[in-house]
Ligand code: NAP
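Take a look at this single chain, the form predicted alone, given in structure tokens.
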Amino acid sequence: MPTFNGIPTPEDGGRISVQNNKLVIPDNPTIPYIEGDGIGRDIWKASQRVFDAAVEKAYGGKRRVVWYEVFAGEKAFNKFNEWLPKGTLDAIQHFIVAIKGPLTTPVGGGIRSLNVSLRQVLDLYACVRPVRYFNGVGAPVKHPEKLDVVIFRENTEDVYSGIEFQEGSDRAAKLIEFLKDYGYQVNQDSGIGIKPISITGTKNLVRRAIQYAVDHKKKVVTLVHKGNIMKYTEGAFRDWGYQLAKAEFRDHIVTEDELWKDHNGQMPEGKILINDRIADAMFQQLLLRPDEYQVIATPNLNGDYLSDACAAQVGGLGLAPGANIGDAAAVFEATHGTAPKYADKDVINPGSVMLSGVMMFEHMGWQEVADMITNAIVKTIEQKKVTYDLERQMEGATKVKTSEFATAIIENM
């Protein structure tokens, strides 16, 4: 059996493989997990109990997940003096599917984001963030149920690519001087960042978004960008997105221009509308007309803002799952931070990890497990047995601990 980070993999676990671009899942897949920092310890324990119970109930013991811990963040640093050991990356590449809790990233100096590093090293180019409303949860808008979107956020480029030069450094000074030759006057006391957006990254992301719409019978895919200002990066994202849609999905799609030019605004039966919106206008649209949008494809920074803003509309990040998906691997993750002041207190909502697990099981084709977890979470929230973050937004709710929330979900399967 292979060994990663000096730890043998479980002998009773099988390995997920890929044949003809499709996952082949054994009945006992080994799935690496990263517990996460801070509250990660509490929410992972609760989530793992729910995952195991759902698999057992769905398949009567004929299938099970064999969990294999790998390390990143503070736990990795304490064990191996590395924030993101190579063995962890190798294990994820070997087993193809993994899941993780939140990881520490300091603001300002220090280590770079471990989440960003994972995405870039493993080329997990699509960050997929479904956002929906769970009945009964308090929300700051009148009709949170109208928002039901899946955001495809490009995951490896844009300002997250790590090309930055510190103010006062030789590199910053040289770049400022270089830009003068092209007529750009930049203050000498500036830090400098570079924003790459490529044809490859854009088309990989948009292809996956449109394919999702085809597979799930969605009617609208919206390209969100700031192309009116950044014409050769975000404007190009828009243009390349339309090119991809027409070249690879011609039989499935109609663009917004074509809708009015060729169809008098009447949507052809069975087609997917491809449209685009300026990023700042899209924030307003998602507040005022959220039911007009279903699948969103956008560059990295826009997607970061939009996905958190959408989650706030339906009650917060506690119920916001996420996935990082590439052609060779997928890592499913909680979308919130580590909240160290709440660590080991058994109070935090584990919903983000649990719903990320739902996405993982759907990715694996274990839909019965995904449905069982989702339905049980819905029922538990309707019974108003919730953790403190939801309890304070709901009238007549009963506040339960992280572990008690998991127990209630299992009982409702």
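What you see is a predicted model, and the numbers here were worked out from it, not measured in a lab. Numbering starts at 1 and runs along the sequence shown.
There is another form of this protein, the form predicted in complex with the named molecule, and it is not shown here; the text below is about that form.
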Residue contact check: residue 305 to the named molecule in the predicted complex, 4.5 Å heavy atom: no
Residue 47 within 4.5 Å of the named molecule in the predicted complex, heavy atoms: no
Contact label in the predicted complex: residue 342 to the named molecule, heavy atom within 4.5 Å: yes
The named molecule contact in the predicted complex: residue 401, any heavy atom under 4.5 Å: no
Stretch in contact in the predicted complex with the named molecule, which is absent here, among 384-392, 364-372, 25-33, 53-61 (heavy atoms within 4.5 Å): 384-392
The single option of 259, 278, 317, 150 touching the named molecule in the predicted complex, heavy atom within 4.5 Å: 317
Answer option from 337, 191, 162, 268, heavy atom within 4.5 Å of the named molecule in the predicted complex: 337
Residues from 341-373 in contact with the named molecule (non-hydrogen atom within 4.5 Å) in the predicted complex: 341, 342, 348, 349, 352
